[in-house]
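The chain below stands alone, shown as structure tokens; this is the form predicted on its own.
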């Protein structure tokens, strides 16, 4: 059953050096506050997993937290490249970064397989691409019924799954709505999980198209108000578009990046 704790205690109790960690969110509900706490606690040698790593992963990589990235797209959305990610891949700063690249469909199906307790997922994706030649975790498999050659990808079962949501009740049940991406699957596939929320309420009143993550499926819940900034939390905050534009300049220079992180995160 989920325990409601502080963000520092949650990250301290869940994330260990060398872990595989997925911080999922798409367009909104991106768990920036949790990522910043991982940086403050100076976790190292992490394998970071996410379908669409953006600025929070740029920050984690630039602060030396990651040794490997498993992903299907990476960038500063609507702006351009992730310069700390590029620097790590191209120049090994602050440390070399290994890449494991998949398609969006492949990553989503990997999460579903992990959440379902299956060892791998099967899909028709990757046909006509050269990803299989670059990524060892993409393998051909023959359908035993039709003989069709499909693609198999291993289940994603992160050590820790982290997402942000609108609210939770006092029993640790979580409610999120808006663009939900693979947040549910990432949490259910993980061995341990944390959901940061805007608020704790007495009752989760119905919201159209909302997803409820039951407390028995979660490890920790922590309040982190505005915890998705500079992304947004639908119904609670708006996207800080100016920040994403500013980040392009901040992250281009190593010293400027380090100074910004020291001032705003550490």
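Residue numbers count along the first chain shown, from 1. Nothing here was measured: the structure is a model prediction, and the numbers come from that model.
What comes next is about the form predicted together with a further copy of the same chain, which does not appear here.
None of 203-211, 220-228, 39-47, 55-63 except one has non-hydrogen atoms within 4.5 angstroms of a further copy of the same chain in the predicted complex; the exception is 203-211. Each of 118, 139 and 145 places at least one heavy atom within 4.5 Å of a further copy of the same chain in the predicted complex. Residue 94 falls outside the set of residues with a heavy atom inside 4.5 Å of a further copy of the same chain in the predicted complex.
Residue 124 belongs to the set of residues with a heavy atom inside 4.5 Å of a further copy of the same chain in the predicted complex.
Although the partner is absent here, residue 153 is a contact residue: one of its heavy atoms lies within 4.5 angstroms of a further copy of the same chain in the predicted complex.
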